[in-house]
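Shown here is one chain on its own, the form predicted on its own, set out as structure tokens.
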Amino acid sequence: MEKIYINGIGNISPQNTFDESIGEKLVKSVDSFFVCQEPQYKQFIQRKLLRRMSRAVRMGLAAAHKSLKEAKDPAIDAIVTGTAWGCVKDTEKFLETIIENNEQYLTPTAFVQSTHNTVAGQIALMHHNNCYNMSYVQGSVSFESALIDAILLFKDGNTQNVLAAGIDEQTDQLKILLKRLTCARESYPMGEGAACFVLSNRKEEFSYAKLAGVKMIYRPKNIRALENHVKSAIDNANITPDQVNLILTGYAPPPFAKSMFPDAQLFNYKQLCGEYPTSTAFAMAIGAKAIQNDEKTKKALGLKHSPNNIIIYNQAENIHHSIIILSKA
């Protein structure tokens, strides 16, 4: 595993994580949904451009701007993003236009803006970046796929800084569908968010944490097989189970937690952001700030001390499992 450091974070979420580490008062879901607290976009984007941008693009651009600013605006060698839902609002507009115009007189603009790589493309355009640009649409492991791509770019030896992001938005129409499918419930609220990270092979005095490992697991046969994958991940990160202080998990605690990490504290991060495909990007943002000893984040996570090693674990219907490991820089 290459030494990769998180040097900048931009996190737009249902909590007040953009201007602050996390708000004093934690926001709760309303009617089974979490909604992002968005910044004043005119600080980062020209007003004439804002009118044509969808909400997902705005969130992505603002989060990217914040992360680059925190990292002291380094030269970016690649942009990798993960999104499962993409620009949902623009997709809805495109489909509605097809129906209204009886499949005639369609402009290509609506289609172009509805594609999943729109956010990554707009980030590149705004920052005049014509380097490697890739978007991953892999369901619940979209963000992890982007991180693995970033790791491979660092392994090639020609990359110093990568902008990695996980972005998914909700719309009124999507909320209706999620309720009809019983995906959104009071005990299982859905959410949204946009988190961007500047990853670098250079440690700085302002580095948040080290990205120590990423692993995706597909349909493990049993708990023993899952435990073997987890052990492999922590071995590659050069840490031992007793060095893991915190496990950030979803609504269901991981089955390997008690047997492998009896001393580690568990925290359900989705009670702060809700369920959405790239929620692990939110978990990575708050995890990195906890490692950096941010007091507000530690209080929100119920921590007394700054953790040295964090495991972020997520699963989707026992099909896709993912592990992200963060360590002190």
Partner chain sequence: MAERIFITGIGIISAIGKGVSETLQSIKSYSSGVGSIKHLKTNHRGEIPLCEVQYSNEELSRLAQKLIKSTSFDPSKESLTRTSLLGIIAAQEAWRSAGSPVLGNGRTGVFSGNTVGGMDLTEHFYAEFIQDKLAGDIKTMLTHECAKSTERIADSLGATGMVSTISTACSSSANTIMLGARMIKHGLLDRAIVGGVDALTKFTVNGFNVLQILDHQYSQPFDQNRRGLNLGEGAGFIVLETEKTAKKENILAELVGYANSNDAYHQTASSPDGTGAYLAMKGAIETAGIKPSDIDYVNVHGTGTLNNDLSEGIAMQRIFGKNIPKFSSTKAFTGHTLGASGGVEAVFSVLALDKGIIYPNLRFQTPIEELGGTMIPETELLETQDLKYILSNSFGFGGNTSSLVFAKNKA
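Residue numbers count along the first chain shown, from 1. Model, not experiment: these values are computed from the prediction.
Although it is not shown, the form predicted in complex with the partner chain is what the next lines describe.
- The partner chain is not shown here, but in the predicted complex it comes within 4.5 Å of a heavy atom of residue 96.
- Of the heavy atoms in residue 242, none are within 4.5 Å of the partner chain in the predicted complex.
- Remark: residue 225 does not count among the residues lining the partner chain in the predicted complex, judged by a heavy atom distance of 4.5 Å or less.
- Taking the partner from elsewhere, residue 116 is found to have a heavy atom lying within 4.5 Å of the partner chain in the predicted complex.
- When the partner chain is considered in the predicted complex, only one residue from 207, 133, 161, 249 comes within 4.5 Å through any heavy atom, namely 133.
- Distance criterion of 4.5 Å from any heavy atom to the partner chain in the predicted complex singles out 173 from the list 259, 173, 238, 232.
- Contact with the partner chain in the predicted complex, judged as any non-hydrogen atom within 4.5 angstroms, is confined among 67-75, 195-203, 251-259, 150-158 to 150-158.
- Contact with the partner chain in the predicted complex holds for none of 29, 50 and 62, as no heavy atom of theirs lies within 4.5 Å.
- Residues 91, 92, 94, 95, 96, 98, 99, 100, 102, 103, 106, 107, 108, 111, 112, 114, 115, 116, 117, 118, 121 are the ones in 88-121 with at least one heavy atom within 4.5 Å of the partner chain in the predicted complex, listed in sequence order.
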